[in-house]
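Coming up is one lone chain in structure tokens, specifically the form predicted alone.
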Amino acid sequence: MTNGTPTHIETMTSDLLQADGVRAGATAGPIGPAVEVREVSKAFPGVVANDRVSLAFHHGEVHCVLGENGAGKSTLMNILSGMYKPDSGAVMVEGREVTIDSPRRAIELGIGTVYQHPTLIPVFTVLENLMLGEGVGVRLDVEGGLRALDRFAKTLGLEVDPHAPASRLALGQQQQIEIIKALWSGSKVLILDEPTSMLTPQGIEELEKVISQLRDEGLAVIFITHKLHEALDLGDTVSILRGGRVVGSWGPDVVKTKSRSEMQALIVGAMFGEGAGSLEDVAEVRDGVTGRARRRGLPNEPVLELVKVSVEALRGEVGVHEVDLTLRRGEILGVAGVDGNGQRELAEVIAGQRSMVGGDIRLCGESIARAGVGRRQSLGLRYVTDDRIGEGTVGTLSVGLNLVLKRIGEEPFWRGGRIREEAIDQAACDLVEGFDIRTPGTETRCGTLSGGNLQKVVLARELSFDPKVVVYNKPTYGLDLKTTLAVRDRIRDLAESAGVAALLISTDLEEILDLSDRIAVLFRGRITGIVDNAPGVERHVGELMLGGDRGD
């Protein structure tokens, strides 16, 4: 306030937080949708991403939009946030048709978006990030900004240090600031795109409290997810996209009156159709995913040992620092952690794609610290990369050649320096059938396959020819739930029936809890703890993901 006159920021904040007539439970008569899409379509070359989609998002409601990868969720949200323009159809804001041709226009219309990955400038403080672009004069109204931030924080029940650099905030805290940043611009509609994908269990709990508070303040919250239990926990309205179309939508009159099991059956049926019955045990579908007691009387036979392994950090990385790990035959050892804490560096140093600056790696008792990729492979070590397009496959080569790519020069596929196409084709056909790779033929160019089928090609190649240890780096990232189930079953079956040890590196904690016998946690390139998987262990793992016993 300046000379008793409210500043622009304070006026905007007051308008937003008071929002008379749009709060949940308001009784000032019928309220129309905050945002509505009518018959919206959007196509890209070869793909219809949205096909005549009609949905309404209301003030004072959390509207969960579910669907598998490729269902059209992201395209729809990009249309609302001004990243894409629809090919046809209409977007309505407060009952008025609008054109959203840029992110700035979306913000002007009161639509804010919080993406999966933080967009804060690391070297700026919290307040500086919030006040970027604020005002037209030379000097920023810092005092007004501090007062506005205090009001937002109190309304949402948050503790915020305005002078803390963004780089020092935990991911959960950064996401909270992203939400305040969207509200700072006057948003009455808030889009949250897969907001829990990088959070610890504690961070998810805090986010759920904030979302409930936003709903009570009268905002329309659009919550994008592929996890059914999140929709059941938070949603007032739940809508399902499949193949770019709305295949199911239930408002509060249904969501709040049906039992949880009845809603789960409705949602799963709409998402997966005839294949719904086979997906009841997928982690993303189960209600209240927790750790599992997976001790299986494993032999005390180490097959992979890391002793004080250290890797130099390249630009933008944290490196690996004196990591000790032991993996036993037939064991699935999960490596949990927030993305960017040394997972890629750890995977690549084991695979032989990076050099160590200290320590030793032993495979079946033999040091492989100086062994190349080929030697490690011949000893039974396999690596399933998280980059199936850029690193895992060669798009210009055929499916058949990609399946034997790491056996170039070896019999029976090569003899006397010549390629044996018949042998390659026979082996490729067997792998295509065994791993259910959907391809017109083994001669098809690999780059034309879908992401899920590319992942199956990588898995088929790496899990064939007598593997002893497999390093999986985000093996199901970006896959639909049916393919996810198939991949997880393959990892589990190889470990339990064939004794193939698995080092499972994943940023999806539910996947780690679903598969692992033990869980190691990586934080800033160091192991902060190793625990047995068991019911209720997720909270302890969440604390370790933050570097120790401290909250998100």
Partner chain sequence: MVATVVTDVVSTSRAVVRGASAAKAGTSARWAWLWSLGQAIGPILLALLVSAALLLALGKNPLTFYRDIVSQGLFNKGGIQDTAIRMAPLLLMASGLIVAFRANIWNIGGDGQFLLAAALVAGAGPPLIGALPNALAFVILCVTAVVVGGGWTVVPAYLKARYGLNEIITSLMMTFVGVNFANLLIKGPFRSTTTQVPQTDVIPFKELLPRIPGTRIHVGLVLALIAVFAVHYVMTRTAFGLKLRVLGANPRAAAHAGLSIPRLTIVGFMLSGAFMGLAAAVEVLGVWGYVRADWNPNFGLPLFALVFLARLNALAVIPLVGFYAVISMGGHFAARQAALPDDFMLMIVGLILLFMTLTEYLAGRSERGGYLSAGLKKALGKGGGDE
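Nothing here was measured: the structure is a model prediction, and the numbers come from that model. Numbering follows the first chain given and starts at 1.
Omitted from view is the form predicted together with the partner chain, to which the following refers.
Is Gly409 close enough to touch the partner chain in the model of the complex, meaning at least one heavy atom pair within 4.5 Å?
-> Judged by the heavy-atom cut-off of 4.5 Å, Gly409 is in contact with the partner chain in the model of the complex.
is_contact(Thr385, the partner chain) in the model of the complex, heavy atom dist at most 4.5 Å | Answer yes; at least one heavy atom of Thr385 falls within 4.5 Å of the partner chain in the model of the complex.
Arg147: touches the partner chain in the model of the complex, heavy atom cutoff 4.5 angstroms = Arg147 lies outside the contact set for the partner chain.
Answer with yes or no whether Thr396 is in contact with the partner chain in the model of the complex, where contact means some heavy atom within 4.5 Å.
-> Yes, contact at 4.5 Å.
Contact segment among 359-367, 320-328, 399-407, 261-269, judged by heavy atoms lying within 4.5 Å of the partner chain in the model of the complex = Comparing against the partner chain in the model of the complex, the contact stretch is 399-407.
Would you kindly say which of Arg242, Lys482, Arg445, Arg151 lies with a heavy atom within 4.5 Å of the partner chain in the model of the complex?
-> Looking at the other structure, the residue within range turns out to be Arg445.
Of Val255, Ala170, Ile389, Val247, the one that lies within 4.5 Å of the partner chain in the model of the complex (heavy atoms) | Looking at Val255, Ala170, Ile389, Val247 one by one, just Ile389 meets the 4.5 Å heavy-atom criterion.
Select from 359-386 the residues with a non-hydrogen atom within 4.5 Å of the partner chain in the model of the complex and write them out in sequence order.
-> Residues within 4.5 Å: Val373, Gly374, Gln377, Tyr383, Thr385.
Relative to the form shown here, do the C-alpha atoms of Val537 and Pro118 sit closer together or farther apart in the model of the complex, given a change of 3 Å or more?
-> Relative to the displayed form, Val537 and Pro118 move farther apart in the model of the complex - a change of at least 3 Å between their C-alphas.
Change in CA distance between Thr507 and His117 in the model of the complex, which is 3 Å or more, as closer or farther | Those two alpha carbons end up farther apart in the model of the complex.
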